[in-house]
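Shown below, as structure tokens, is a lone chain in the form predicted on its own; questions about how it binds or moves come after it.
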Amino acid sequence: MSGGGVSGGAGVKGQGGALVICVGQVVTDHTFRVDEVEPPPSKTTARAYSMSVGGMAANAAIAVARLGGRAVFWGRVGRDEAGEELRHALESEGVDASGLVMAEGARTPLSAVIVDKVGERSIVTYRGERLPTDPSALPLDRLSEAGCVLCDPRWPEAAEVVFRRAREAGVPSAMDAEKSEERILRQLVPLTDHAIFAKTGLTIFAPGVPPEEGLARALRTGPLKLAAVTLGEKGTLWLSPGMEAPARRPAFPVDATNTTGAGDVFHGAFALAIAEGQGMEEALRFASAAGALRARDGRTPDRAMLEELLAGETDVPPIRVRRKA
């Protein structure tokens, strides 16, 4: 199993980099490449198949390690063959998976990922069975070592505890606010410092309003430093306290071949940038470049690839979004 579909040898393992703790989902991704995703009833022949580590927080942890940070992953799997394979795959990427909870009698999550010829994907996820909700087994004393913590919404009980402990300890936090139940997003967003939504996640959190208003609502829920939404090739819309209106970080122009995991890599890169002490706009630029490279190649980039893309970008200031009259 290869982490994120990346061949071995690429990337820095981050022995002395900033530490990021990633909390949430890990799954086995079964990826099928097809020409077209046909509506049912249908039968489609795959042109290629691969199996790799998937899941929002797990992909983010791999991104942290490849980009020169020290990555710790906390999540849940079954004590089964698939769970063991995922643990070994994370460790082979330089991720510290010693906090991975392996539950007796549970079944490890998996996903079927269908990628068409232009790189767009459809995902069917099985979230496992009998995975424990209690986060008390996690080594929470390690939070004080972190430069940033990143949580997705797939283990909300753990995310809540980690966010609260991080805030008490003064450790920066970020949330991958992906598509989830509304109650979970409303529970967790006020607890983080940086809430970065997927478009669907923001629609669930703030239904029936434009993204600009959705971000403003997120900021009002707690002492957040950033509310943002990733919009693919349209870039990232973001808002911080004191700004009169959101700004847009333009996307890096790439020819996407596989968008699977691009958002996860964006979040991992953002968390690493915050852990390294980068400023807000700098961190968003860093994360945008990482996500673009993942979408371009379907592979998680290393630091050298990222720095090359950043160095080649012309000076593109953030676009300020005007308020509607």
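Predicted model, so just to flag it, every value in this text is computed and none were measured. The first residue of the sequence shown is number 1, and the count goes up from there.
Although not depicted, the form predicted in complex with a small molecule is the subject of the following passage.
Only one of 78 to 86, 91 to 99, 226 to 234, 132 to 140 places residue heavy atoms within 4.5 angstroms of the small molecule in the predicted bound form, namely 226 to 234.
Each of Glu178, Val254 and Gly291 places at least one heavy atom within 4.5 Å of the small molecule in the predicted bound form. Looking at Gly263, you'd find a heavy atom of it within 4.5 angstroms of the small molecule in the predicted bound form.
Not displayed here, the small molecule is kept clear of Ala283 by more than 4.5 Å at the level of heavy atoms in the predicted bound form. Among residues of the shown chain, Ala295 is one whose heavy atoms approach the small molecule to within 4.5 Å in the predicted bound form.
A residue is said to contact a partner when one of its heavy atoms sits within 4.5 Å of a partner heavy atom; Thr259 meets this definition for the small molecule in the predicted bound form. This chain appears without its partner; in the predicted bound form, the one residue of Arg165, Arg248, Arg121, Arg127 with a heavy atom within 4.5 Å of the small molecule is Arg121. The single contact residue among Ala146, Val161, Ile204, Ala198, judged by any heavy atom lying within 4.5 Å of the small molecule in the predicted bound form, is Ala198.
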